[in-house]
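There is one chain below, alone, in structure tokens, taken in the form predicted on its own.
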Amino acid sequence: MHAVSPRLRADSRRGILESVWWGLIVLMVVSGCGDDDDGPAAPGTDDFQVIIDQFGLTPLPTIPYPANNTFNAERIALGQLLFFDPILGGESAAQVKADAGLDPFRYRANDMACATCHFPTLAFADGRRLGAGVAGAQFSDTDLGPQRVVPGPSIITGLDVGTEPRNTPTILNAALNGRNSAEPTAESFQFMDGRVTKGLEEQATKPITSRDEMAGDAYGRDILGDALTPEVIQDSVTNRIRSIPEYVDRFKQAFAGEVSIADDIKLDHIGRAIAAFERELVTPGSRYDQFVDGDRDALGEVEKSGFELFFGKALCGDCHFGPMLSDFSFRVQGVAEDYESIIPGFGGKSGDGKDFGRFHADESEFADEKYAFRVLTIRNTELTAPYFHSGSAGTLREAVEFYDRGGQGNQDVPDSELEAAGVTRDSSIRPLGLTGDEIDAIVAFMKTTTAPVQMGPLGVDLTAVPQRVPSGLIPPGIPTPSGPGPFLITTEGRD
């Protein structure tokens, strides 16, 4: 049996949908030719349900857990602290800053926690076209997101660090990603190029090894440009965690039976703890969820029109279907990059102003997938502008307009360039002929997927930034306390 491509499945769904619609029309006409006293006949089915069934639409599903990281409240609480602790950032550690002649607890410009780029009030993204990593300058101690200025110098080498080549994706609902399928799985694709294939546990350990994202020029680089292996960096971060008594105690509790002493803490435990926290950042109960669950009054008339257009004329349903409104495939779209307008001379992911997407995940395995990026969910999308890997669409309307013009704008990647790279633009990306009102309706529909993060275990607010973290450093978003550091957690949770 041959596998059916997502595109053929989408065409099949549209064909079935059109057949059902025509069948309904015929049924209504035939039913009306009888006893006049019966009045107009009601449709034989809920018209919206036809779309819901054909595209596999459901409310947000339950979280899939891996066997070695099931629900554990203490592990989630530990992961929340690690997520907001700058100790994971290469140039954040007190000793690194002290060696550079800086106040280790008051110099914060190069501090990097996971939350620095995935901040709660920015929908666990950063609101920037491109991410600002280690050296994104902070002119006040709470500057985040668009307020950070890049590039900036490493406090160790003086070299510029910090401009990341891609837009920062939200981690909301990342626990429900699929893997070449619309169905959520614990072993899911992460990152826009899918270089992580085994879910959040694997993903959590990757940014700490990236120079631009979190590592900077730390970890004892004695020779300028001497690149340390990811394993050396990961070992260094693990040793930092082992040296903090508060973390050792928390790891013992969160991994009872696995961690008894500091040396028992492994990179795997750090990744599992962070993943345990991230996995709970889900947003059930949106108006969209209520609508597909049967409450047809959950959407207004314009939003319902947008729903029909999204899965019809606009062809969005070719890629955005299933529980997460994504099929988690990789598609060539030819989205504009234009890095020169962001930072003159910036080379992007390729070094010469381009981003080859899937190709960068493994050049040998994905040599024929240049410009292909993973289909992202549209859940909570109104909160995560700008859009696409390059952040080239500043609003949802601009994103829909890209699809309406079929990727044929002045800044979009031309077909000739795609062909020179050996790839073809996805067949769904073609001029659509949408009216302004239709684009507005589609945007209105996409906004109905917005919902807040569910309350965490034991009623804990998972979006709250800890006032203190075990390293004594200051979490992003928290003003610098008065007095000398370190700013440590005690049994009362205060200095």
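Position 1 is the first residue in the sequence shown; the rest follow in order. Fair warning: this is a prediction, and the values are worked out from it, not measured in the lab.
If you look for the form predicted in complex with heme C, you will not find it shown, but the lines that follow are about it.
Residue heavy atoms within 4.5 Å of heme C in the predicted bound form occur in exactly one stretch of 408 to 416, 249 to 257, 310 to 318, 295 to 303, and that stretch is 310 to 318. 192 is the sole member of 192, 182, 76, 123 with a non-hydrogen atom within 4.5 Å of heme C in the predicted bound form. Interface residue among 359, 387, 291, 119, judged by heavy atoms within 4.5 Å of heme C in the predicted bound form: 387. For the chain shown alone, residue 453 is not a contact residue for heme C in the predicted bound form, no non-hydrogen atom being within 4.5 angstroms. Heme C in the predicted bound form comes within 4.5 Å of a heavy atom belonging to residue 375. At least one heavy atom of residue 278 is located within 4.5 Å of heme C in the predicted bound form. Although the partner is absent here, residue 132 is a contact residue: one of its heavy atoms lies within 4.5 angstroms of heme C in the predicted bound form. With respect to heme C in the predicted bound form, the three residues 112, 167 and 274 uniformly fall within 4.5 angstroms at the level of their nearest heavy atom. Along 415 to 446, a non-hydrogen atom within 4.5 Å of heme C in the predicted bound form is carried by 426, 428, 429, 432, 442, 446, in order along the sequence.
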